[in-house]
Structures are given as structure tokens and as C-alpha cells.
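Take a look at this one chain, the form predicted on its own, written out in C-alpha cells.
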Amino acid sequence: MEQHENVYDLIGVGIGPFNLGLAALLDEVEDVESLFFEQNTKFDWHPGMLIEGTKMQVPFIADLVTMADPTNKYSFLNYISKNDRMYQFYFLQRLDIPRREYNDYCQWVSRQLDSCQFGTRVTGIRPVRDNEQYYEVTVMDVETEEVKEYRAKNLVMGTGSKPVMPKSFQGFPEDEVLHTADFLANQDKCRNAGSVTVVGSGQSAAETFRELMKEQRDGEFRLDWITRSASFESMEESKLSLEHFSPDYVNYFYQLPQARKDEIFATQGLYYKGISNHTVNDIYNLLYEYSVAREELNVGLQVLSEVRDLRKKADGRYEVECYHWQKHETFVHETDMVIAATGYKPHVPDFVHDLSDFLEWDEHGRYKVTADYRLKKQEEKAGEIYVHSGISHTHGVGSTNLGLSVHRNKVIINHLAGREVYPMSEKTIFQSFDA
């Protein structure tokens, strides 16, 4: 096993938008040496949902660097300029950009950063107490399976999230009962199915349903959408509500007792889990247009219905057992394919559990996290472990927001460097959350 003698200031695990933004901002900081590892062979942001026509839910200014440094060479506007598309973007006259373009932008940045190494899987992390304190990071090349060891004074975890499938949906063919994360890879099969049912009520469910409606315009397959929610609720997108995605609100939320945080967070789903207004409008407009000169649409939208079980019939079709929770009635819905828009959960790699005795956890088995995004450790003398994901319980609804990720990276860099590399604003919004 090859062991690198160099001790890096920071090693990052995972290269999603959060760690990619951190790597881009650190590229301008000469006295911090960093390295980032990602098991995928290239940057790809939710590839199964890069549906043509879908838009980002944040303005383009929430790119990897602009909120920290508008002059940074890795800004979205510089990407547009370097790709000779400035006038096209100018005439587009939009703040939001296609999701596919955001992914292409991130790939453009990743290709320029020597600190980002793709096709490398972190398989182990071990705190070392030698003449100096450092972390030993074991990394495997996914193609050659060659294993190397690296050393770092500090770590940053950007391991993202993974799809959640209900237990009743597991164990079936993955091209017949699938998560929205795998939608594009199975879109052709959806086109050729006799019927498709989407289960869930958030943005991914809506985008999948909208795309399938476009495919289904000639009525070649039955399309249904089932949710346990009382309605297909729109996301709260008013400008003052958006101020919850600000450093001010993060600071306010963090100071609250944990039990109060959990109570508040449970009520804030529509800030980040609802359906964007433009997507709801698109769907309704399609339904309206398809209803012209038709006696009946081959489409169904069912609310108030919780999916409790899924069974495969002898003829290959599926029975979806549903419970109408207002009428207290059970009914069965039949379909050929099921697409679960059942969300994501933070991905905690196996090697993190090897650090269980090294880290501090709350009574619910969640990380304990400091205000400046460091995992609390049993041994404070050890190097820091900064964290991007799995912190909604401590830092609130903005934890997965791309605009706030740049603020988080500023905090991490300033703490890591021991000085104010990127200035911090004290007041970023108009309203006050504190007393």
C-alpha cells in the first residue's frame, strides 16, 4: 500500500456541489493545501432527474463561488463567457437556469481543479496520535483497486444523500419499481408500459409526473399520481419567506434548544419540500389542454391516500394498497410500474461508524455539530471534521440550500485558515427572527 508523506491541511470526502464549491474557493487560498476524493468517475448532480426543461430552484448567483467572491474565475458568469454563450444568456432574461446547465457548469469547474480526484473511494478514516495529530485516510482507485493512504490535519464530509425507498417497495425489479433518482434511465420503459404510477408529493414527483404527461399526451399509457398529502401543495416562495435561507436565520435557529429545533423544523416542510409554483402551473396547463375535446383523461391525481403495501400479481402487474386517511377506507390501485418520489436521507458512509467512539452523538443518533459546522468530538485536541450533510437538525431548513452552501464554505475556510479570508456579513436580511 502506497503511503503519501505529505500532510494536507484538509481532505474532503465526496465531491457534490458543497465540497466542489469549497474546493473552488480554496483554490484561491495559497496557504491551505487540500485534496478531495469522489468515488464516481466524474461530477454528476442527480443525473436521474436532469430532465430537459427542469429549472434550478435558486438563482444562478447561487453558484459555487459568487456569494463569497463575485470576481472568482469559477463563477457561473465566467463559465457562460468561456463557453461563448454570453449573449444567449443575456437574451434569456432569467435568473433561474436549466438544471442540466448547472450540472454542466459544475463539471466545467471540476475539470479545472487539480485538488478534485474522481474515481477514488474513501474506505477508511483513522485518527492518529503520533508526534502530531492527524487523520489517516485510506483511498481506493475504483478502476484499478489500488489502495493508497493519505494524511490530513482536518477533514470535511460532503457525502450527500441517498434515495429512500419504503420497505414495501423493496425486493422488486428495479426497472419496474424505482426511485425518481433512476427515472431518466428508465424513461423508455415508462413510455412502453401500460400504466405508470408516481407516489409522493414533492418537486421530484411533480417533475416526473409532468415529464410523463408530455409522453402520455396521446393516451398510450395510463398515468396516476398518488400522495398521502391533503393536496399537491406549492412551495412557499414569497420573498420574505425565502429569508429563512439566510445566515441570519441559521444563526437564530442554531441557538434554540434541540427539542425546540426539532419541533420547528417539523413544521417547515413547505419551505423546501413543496412543489415550485411554475411546476404546478405547468401540470395544470397540460391537464387543461389535454382535456379539450376529450370525454375523459387517461390521468389520475389521488390525494389523502397513504400507500401501505405493494404486491406483484401473477400477470406481472402491481397492486398498490392505499389507505384514505380521512375516510378511513382501504382501496387497491393497479399499475404496471411504480415510481417512488419518497425523498432522500443523509448518506453516512460505513467508515464514519468506525469513528462512533470518537464523535459525539445526540439521543436520536445524529451528529452533534458546532455553530461553525464542526463535528463535536470526544477529544478536542484532534483535528477538525467539518460537515456539510446531515445537519438539518442543528442548522435548519437552509442546510441543503445551494445559496447557503457558499456561506457555510466561507465559515469553514475562515476557521480552517485562522483568519478572515472571506468577509462575513452581519446583517443579510430585512426582518429579525430574534427577540
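Don't overthink the numbering: it's just position in the shown sequence, from 1. None of these values were measured; they are calculated from a predicted model.
As for the form predicted together with a small molecule, it is not shown, yet the points below apply to it.
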Candidate stretches 121-129, 295-303, 75-83, 311-319, one within 4.5 Å of the small molecule in the predicted complex by heavy atom: 121-129
With the small molecule left out of view, choose which of 391, 32, 49, 68 has a non-hydrogen atom within 4.5 angstroms of it in the predicted complex. 49
The single option of 232, 344, 323, 358 touching the small molecule in the predicted complex, heavy atom within 4.5 Å: 344
Give a yes/no on whether residue 99 approaches the small molecule to within 4.5 Å in the predicted complex, heavy atoms considered. yes
Any non-hydrogen atom of residue 38 within 4.5 angstroms of the small molecule in the predicted complex: yes
Considering non-hydrogen atoms and a 4.5 Å limit, does the small molecule approach residue 161 in the predicted complex? yes
Any non-hydrogen atom of residue 24 within 4.5 angstroms of the small molecule in the predicted complex: no
